[in-house]
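The data below hold one chain only, encoded as structure tokens and taken in the form predicted on its own.
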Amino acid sequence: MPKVKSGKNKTIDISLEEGQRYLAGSVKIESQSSLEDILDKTILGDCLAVMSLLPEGFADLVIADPPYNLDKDFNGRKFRKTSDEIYADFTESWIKKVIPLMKPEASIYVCCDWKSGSVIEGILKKYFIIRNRITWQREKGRGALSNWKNGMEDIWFATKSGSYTFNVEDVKIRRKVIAPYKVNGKPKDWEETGSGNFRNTYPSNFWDDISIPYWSMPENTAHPTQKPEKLLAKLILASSNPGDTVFDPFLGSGSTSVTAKKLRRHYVGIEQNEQYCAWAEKRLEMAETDKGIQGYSDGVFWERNTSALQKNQSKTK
């Protein structure tokens, strides 16, 4: 008998017929395009070919999650681990095509692991001003018998110029206060709620509050390297404003576009895999009625595993 999915399993799973319908929502770009042709669209194609056909200077923010320099099967399209030199050439090839698409004040974030990070840094600093390296903690992953389990990933943050957007007030994280400090008997820089004491703190470049999408999360797909919407929300809120355009040349299952839409930004994404484009279009449709981002509510990011009860009680204060 076929395996029946649990009612609690919210992983996106669509039939072949549904997939074809959603795939039809994506577009193909075969000639020079205008912003109207691509805005709020999923583009089906190879980003190295497509980016040459996109209008110059449309992107306020670029978020790129290229294949890491690892052997990885992306639904039949296999990326093979190669030398640092060849991977550097690959990185430079797509970065040089991204640059003309960015506005002068635009920012770029590039996801990587510890192996590919140094290569990507070397290319980025040739063309951008590097601002920071974010390290975020993966709370799950396979064990390793002869090495330390890889529990971290990095994101390079760079800007095209000295003028750029950074909305630090929009990306504060709400943390529990263990030893609350009071002045004249009143909380100082923290909030007292029925379920505990909390403080909204400024973000650092180490993020330990991210949950990798899993089967009970509505955003989950079978994409092997899917990034969490919460992770992307931090980048989008910090480095763009409502109405800006967010561009992702390696869209995957659509997380960047979906998160941008939920946060009232425009989006443009390129993905060469038809299955992933279909998932992206399905998720974009879901975002019409569900604007929620797990771990983000009431204008703040919450620590991992913070209960809904704590969030609701805090919001009533």
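Don't overthink the numbering: it's just position in the shown sequence, from 1. Everything quoted here is computed from the prediction, not taken from an experiment.
The same protein also exists as the form predicted in complex with a small molecule; that form is not shown, yet it is the one meant from here on.
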Give a yes or no for K227: in the model of the complex, does one of its heavy atoms lie within 4.5 Å of a heavy atom belonging to the small molecule? yes
4.5 angstroms heavy atom contact with the small molecule in the model of the complex for I270: yes
So in the model of the complex, does L251 come within 4.5 Å of the small molecule, heavy atom to heavy atom? yes
How about S255 - does it come within 4.5 Å of the small molecule in the model of the complex, if we only consider non-hydrogen atoms? yes
At 4.5 Å between heavy atoms, only one of the stretches 23-31, 53-61, 287-295, 271-279 reaches the small molecule in the model of the complex; which one is it? 271-279
Between W207, Y87, F74, Y164, only one gets a heavy atom within 4.5 angstroms of the small molecule in the model of the complex; which residue is that? F74
State the residue from R131, R175, H223, K103 whose non-hydrogen atoms include one within 4.5 Å of the small molecule in the model of the complex. H223
